[in-house]
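Next up: a single chain in structure tokens, the form predicted alone.
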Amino acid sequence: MSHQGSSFGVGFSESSNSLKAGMLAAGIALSKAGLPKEKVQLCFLFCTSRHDPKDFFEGVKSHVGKDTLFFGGYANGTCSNDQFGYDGYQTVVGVWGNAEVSFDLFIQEGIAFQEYETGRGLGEQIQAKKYQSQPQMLLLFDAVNRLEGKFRMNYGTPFIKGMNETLKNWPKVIGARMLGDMRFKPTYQWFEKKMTQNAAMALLMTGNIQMDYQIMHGCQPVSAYHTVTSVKGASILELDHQPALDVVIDILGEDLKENPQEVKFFVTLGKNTGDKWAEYNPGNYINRMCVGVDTASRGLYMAEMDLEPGMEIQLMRRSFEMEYVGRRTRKLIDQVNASGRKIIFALYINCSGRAAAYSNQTDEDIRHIQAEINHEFPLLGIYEAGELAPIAGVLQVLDWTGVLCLFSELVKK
């Protein structure tokens, strides 16, 4: 008897009516998957913060069965095989059925100001499951902390450290830090049957499923090495014993002295995990974006808090070649196809800052991914606030990258 294989479909909508957007996107996804609603095992769902989260969720739920599990949340933008957009009313829904896969969902709420403890708790839950073989894991956590009224980032470095201390054997993992817009309004998430906020969530998959991923890097060094000499939390106060902001302005140009706030979301610092004197290899770099400037202390607020005194960093130029994105996409597709596996769908997690509107680009990298996939299999994409993927075998929160992941199955004769 032949194996039917997984059925997966993706639906996209830009309707400004949140209930209608959920219904439209879910209806398209269901139709493309060729599934009756009762057969949907798992539903991915994402929308921007312009939507009412409850109405959108109700719209999606109306098109799937009562046993469907939900996994998703806010995104700054979304895409499918032939549509994409950001900072508007974009939504995307993916439905998955006929899968010889077990889906286990885990959640740890209360990540704001408790990143390390949340990581420990989520790791403990996953560890207690005692998997016999390595699962595949998709990890999502809320980027936005508004508990004290003003915006503060939920940091991934202490979160991953907490998971490391309780999770003895890591699954194969990719993921994202979630946000719904570039103004960092509160973020909503959907988990199993409910809506929540301020949480970290993990989807673990076992059975006939494999994830293969490719990181799309987008930075190159433009300075010599500089040493971090003073930090406070996620703020770099000094580089080479000089105020960090002054060092950066000296490198980038005097015109920034008049408006130092332009450094925010523009400056990226890179940490080379490889040989510092070897030929440049983007796969060795962990890049950190500046998300704020403290003009009083002349310091830089960074997106993460893992740049410590004594570390050497370089100023990075943010740009990416579209041909590079296309080549890496095709290489990953060919690798999976050559292994004899059938690709079920692709997930693209893209840094919001890489979008053309925010990066002074004239083209969008997602167009090149869409072109290479060319409707061979469904594509579901989201724009977020930090990508999660291993660098040198260790899970990292990345900035200014895209992570393309292909989910595939072994087709049984």
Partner chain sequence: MNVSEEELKRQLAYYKKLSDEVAGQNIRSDSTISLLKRKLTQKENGFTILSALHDVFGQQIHEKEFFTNVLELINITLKMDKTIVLWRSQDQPMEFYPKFLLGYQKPEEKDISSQRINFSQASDQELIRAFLCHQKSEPNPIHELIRESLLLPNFIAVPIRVQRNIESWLISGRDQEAWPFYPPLDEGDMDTLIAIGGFLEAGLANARLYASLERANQELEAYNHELELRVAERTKDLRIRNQELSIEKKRSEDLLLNILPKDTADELKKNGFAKAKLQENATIMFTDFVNFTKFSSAISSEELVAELDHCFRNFDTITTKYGLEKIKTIGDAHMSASGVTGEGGNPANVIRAGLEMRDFIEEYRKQKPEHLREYFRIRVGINSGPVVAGVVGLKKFSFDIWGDPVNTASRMESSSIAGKVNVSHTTYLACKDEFDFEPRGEVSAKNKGDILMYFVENKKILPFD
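Quick caveat, the model's predicted, so the values are computed rather than measured. Positions refer to the first chain, counted from 1.
Form predicted in complex with the partner chain: not shown, discussed below.
Partner contacts here mean any heavy atom within 4.5 Å of the partner chain in the predicted complex, and among 258-266, 229-237, 154-162, 191-199 they occur only in 258-266. Among heavy atoms of D55, some come within 4.5 Å of the partner chain in the predicted complex. Although the partner is absent from this view, R50 contacts the partner chain in the predicted complex, with a non-hydrogen atom inside 4.5 angstroms. In the predicted complex, the partner chain lies farther than 4.5 Å from every heavy atom of D306. Interface membership of K168, defined by any non-hydrogen atom within 4.5 Å of the partner chain in the predicted complex, is ruled out. Only one of V101, L204, L332, L315 comes within 4.5 Å of the partner chain in the predicted complex through a heavy atom, and that residue is L315. The contact residue chosen from Y301, Y285, Y86, F71 relative to the partner chain in the predicted complex is Y86, the criterion being a non-hydrogen atom within 4.5 angstroms. Annotation for 220-234: interface residues with the partner chain in the predicted complex are V222, S223, A224, Y225, H226 [heavy atom within 4.5 Å].
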